[in-house]
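Taking the form predicted alone, here's one chain by itself in structure tokens.
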Amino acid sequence: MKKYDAIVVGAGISGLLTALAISKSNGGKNVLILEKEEHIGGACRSYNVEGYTVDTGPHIITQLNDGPLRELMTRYFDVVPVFKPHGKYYVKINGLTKEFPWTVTDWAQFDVIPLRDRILIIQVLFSALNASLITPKKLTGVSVYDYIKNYNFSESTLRFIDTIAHFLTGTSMYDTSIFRIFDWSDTKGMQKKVTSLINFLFREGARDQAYPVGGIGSIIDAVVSSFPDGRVDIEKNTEVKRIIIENDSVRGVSDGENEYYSNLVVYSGFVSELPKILDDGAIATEYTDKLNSITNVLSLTIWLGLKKKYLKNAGSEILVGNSSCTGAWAVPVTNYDKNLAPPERQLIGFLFKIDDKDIESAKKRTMKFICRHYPSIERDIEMIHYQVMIPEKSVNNINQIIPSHRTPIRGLYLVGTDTSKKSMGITRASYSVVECLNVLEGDGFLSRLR
């Protein structure tokens, strides 16, 4: 059986990016990617439904100018996707649509919530911002709700805040850290913090966000096209059922029938499922319990193919929730690439957080929610497509445990959205890849990457 320089378990965006980087390090390494599904890309792919090209959930790439994905594209991509600027975020609340308030002036003029609440929100922002710069560790375990509960906000304002918390982390204001609102995780040094403070107070926060032309799957196509010739093998429909360990070091993996050998294995599947493919006693019970405690949430995306254009502005809309729904995020992807739909049609993805108790009930409830915000939309629906999936391998809440990229087994590493707390979606996955590569480099598995 052939021995590889590295084996990557899972062909989602994290696994593919990791494989690309490893294959181009130290003059080139031979990498094997094992994927249990019949397709690659995981939660980052596009496919056709009745003439419409839908993504696996709505995506907008954040921190595109100088964030982790840009870093990886600059280093490793031979083919770089074309991106269209996202535009503005809009909020639909109480029957009105307003631009999202980024700056202090915006908040003062955000008249869809009461004036008293706007003043209090500005006070909260300044208070939390000051604390996040001076004593950030004190905020990491404090939820948004715990931080604001004594301000006595109105019910509609609380719904708005809760919707924004779900939008940022996938969970409620009761579980979202107030520190996550500011996301200083990549900001070091007082000068950078002051610059970030100025930007937070006076600059729109969505200027470096974009959507890839051709759909989110174009990023996967770019990764695969950038693999060095003959360096990367991808085996689909191959589920890893055992990680081979000898003397506390990894030696390869097995799918139950075949064994694949390498002294470096990067696992990009759900970290909570890793103990299932490790031999009993391979790692300490405490570490297993830590991995088993990682939680995630379900999402429901409703893709609507429409006979006419309902979202006309460049940008996306945040639909504030009510008693039956936590809110939604609406992304009109055909505003960025009209070729994702038949001529004169619009394609919109609506993303909801749900539980798994009754999926069919959730579909009916969320469709009613959409129709309430867009009263005439139902008569213009030409295509409807539902997706139930786990958008992040771990929810980004105050109690979530995030394991290190380095495991107790030499040569076995972790990568993916359950190994980094920074940002969300593809940006979070990219952060995890950059962090993992730095760990691999430090442990001597790769040549210097910088």
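Numbers follow the displayed sequence, beginning with 1. If you're wondering where the values come from, they're calculated on a predicted model, not measured in any experiment.
Below: the form predicted in complex with a small molecule, not depicted.
S.K.: Just give me the single entry in Leu412, Leu32, Met424, Val395 that has a non-hydrogen atom within 4.5 angstroms of the small molecule in the model of the complex.
M.R.: Looking at Leu412, Leu32, Met424, Val395 one by one, just Met424 meets the 4.5 Å heavy-atom criterion.
S.K.: Counting non-hydrogen atoms within 4.5 angstroms of the small molecule in the model of the complex, say which of Ile401, Ile381, Val49, Ile390 makes the cut.
M.R.: Contact residue from the list: Ile390.
S.K.: Is Glu239 near the small molecule? Define near as a heavy atom within 4.5 Å, in the model of the complex.
M.R.: Yes, contact at 4.5 Å.
S.K.: Can you tell me if Val9 lies within 4.5 angstroms of the small molecule in the model of the complex, counting non-hydrogen atoms only?
M.R.: Judged by the heavy-atom cut-off of 4.5 Å, Val9 is in contact with the small molecule in the model of the complex.
S.K.: Check Thr56 for me: does it contact the small molecule in the model of the complex (non-hydrogen atoms, 4.5 angstroms)?
M.R.: Close contact exists here: in the model of the complex, Thr56 approaches the small molecule to within 4.5 Å, heavy atoms only.
S.K.: Does any heavy atom of Trp329 come within 4.5 Å of a heavy atom of the small molecule in the model of the complex?
M.R.: Trp329: contacts the small molecule in the model of the complex.
S.K.: Looking at 114-122, 74-82, 310-318, 231-239, which stretch has residues with any non-hydrogen atom within 4.5 Å of the small molecule in the model of the complex?
M.R.: Selected range: 231-239.
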